[in-house]
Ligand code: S3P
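Take a look at this single chain, the form predicted on its own, given in structure tokens.
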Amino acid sequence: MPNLLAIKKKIKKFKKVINVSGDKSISIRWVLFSSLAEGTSTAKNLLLSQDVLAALRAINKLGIKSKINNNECKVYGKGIDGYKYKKNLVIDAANSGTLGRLILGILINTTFPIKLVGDNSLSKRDFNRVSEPLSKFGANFILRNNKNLPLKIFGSKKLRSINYIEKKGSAQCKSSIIFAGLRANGTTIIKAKKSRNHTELLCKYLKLPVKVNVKKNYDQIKISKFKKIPVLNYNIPSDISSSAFFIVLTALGKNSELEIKNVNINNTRTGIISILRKMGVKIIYKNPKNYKGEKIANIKIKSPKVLKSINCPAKLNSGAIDEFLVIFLVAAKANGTSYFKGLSELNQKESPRLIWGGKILSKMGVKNIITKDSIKIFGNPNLNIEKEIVIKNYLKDHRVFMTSVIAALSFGGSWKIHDKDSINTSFPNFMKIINYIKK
């Protein structure tokens, strides 16, 4: 079975330096901003995953050309009104919630109805969370079950600004409204629960009319209509969500060290660092610098002798929302009982990840108690698996696959992990890096 990965041996101690693929969130946003810019934008280290390639195909369908050559990608933008809207246009977001939700905010002025589709997993996710605020601008939407893909967007040339309260801590929802606000007359105001802020930082770097007032518990964002986006040349830093798997592999190991180069350590994304430090993992930043508003550094990790349990502060959730599956593995080996709460958003991902987190732990023999938004994990510092474990039917969620690989290498047992091609959506080089660390 070529699409199955079998792991039968634990990883030995290691001391390595690695490079991780480009940040997915920034890669997709770079494609979208560059498609609206006037002129040719160039990116280096763009993540060439299925999600990012879907973004390039989407702008190609809208009349914007792109070209990939080795480690460099060019997008030939035609300005804010450069999209060619045609009859019967279908945009395929594949597996990418970021692409699917953000691009709707840009397509809000389409002159013809546009159909947005996605794969089986994306088609089960909630798109009403963006269609509802976007409809307030003056666009109309028809969604399957009033919630899911496929959907149709009917744009408007008379877009009005809105006031909106974003309560979920969804950067995708917030970014979609920002893109729409940039097309609308007047000033759009968002009161947004804290979430990753790559869109706002890019707007600031590009000198777009977006002002952010940072409050203690939320951000107030004011957006006005834009006239021009300059070209965006960008050297994409490494993705901390992808780096998280190797950070945890080191944290769960013995006498191991790892350095990951040039990682985006944006403080809206480093919840996993804060959580693991509280659990006793030694993590330091080397050579920190600021790049176009983003913080970048090398991350160095050393295996701790003891892992401490944690009652995880909910305020760290939004900064670690994509990393909790692998964080649960650290809790499985911690000395004591760990508790994570306020995680209902995990079940809105590619698969119901909170449920899958409990399933993986149970298969490993780790006691856990799950509610609709929390999990309690009873750690076992001496955990050593000797049985067979099979992971399948998880909606091809790339993070379920990668978490299972880290568990197999860290705790032992004989693992059969299906759908290994699921990593192509976000991290095609994952197994290549794993194999390098194992050498």
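All values derive from a computational prediction rather than experimental measurement. In this text, residue numbers run from 1 along the sequence as written.
The following text describes the form predicted together with this ligand, which does not appear among the structures shown.
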{"query": "Contact assignment for this ligand in the predicted complex, among Asp92, Asp322, Glu294, Glu200, heavy atom within 4.5 Å", "finding": "Asp322"}
{"query": "One residue of Ser131, Thr98, Asn317, Thr270 in contact with this ligand, assessed in the predicted complex (non-hydrogen atom, 4.5 angstroms)", "finding": "Thr98"}
{"query": "Ser170 within 4.5 Å of this ligand in the predicted complex, heavy atoms", "finding": "yes"}
{"query": "4.5 angstroms heavy atom contact with this ligand in the predicted complex for Thr425", "finding": "no"}
{"query": "Touches this ligand in the predicted complex: Glu345 (any heavy atom, 4.5 Å)", "finding": "yes"}
{"query": "Close approach of Lys333 to this ligand in the predicted complex, 4.5 Å, heavy atom", "finding": "no"}
{"query": "Contact stretch among 400-408, 24-32, 53-61, 377-385 - heavy atom within 4.5 Å of this ligand in the predicted complex", "finding": "24-32"}
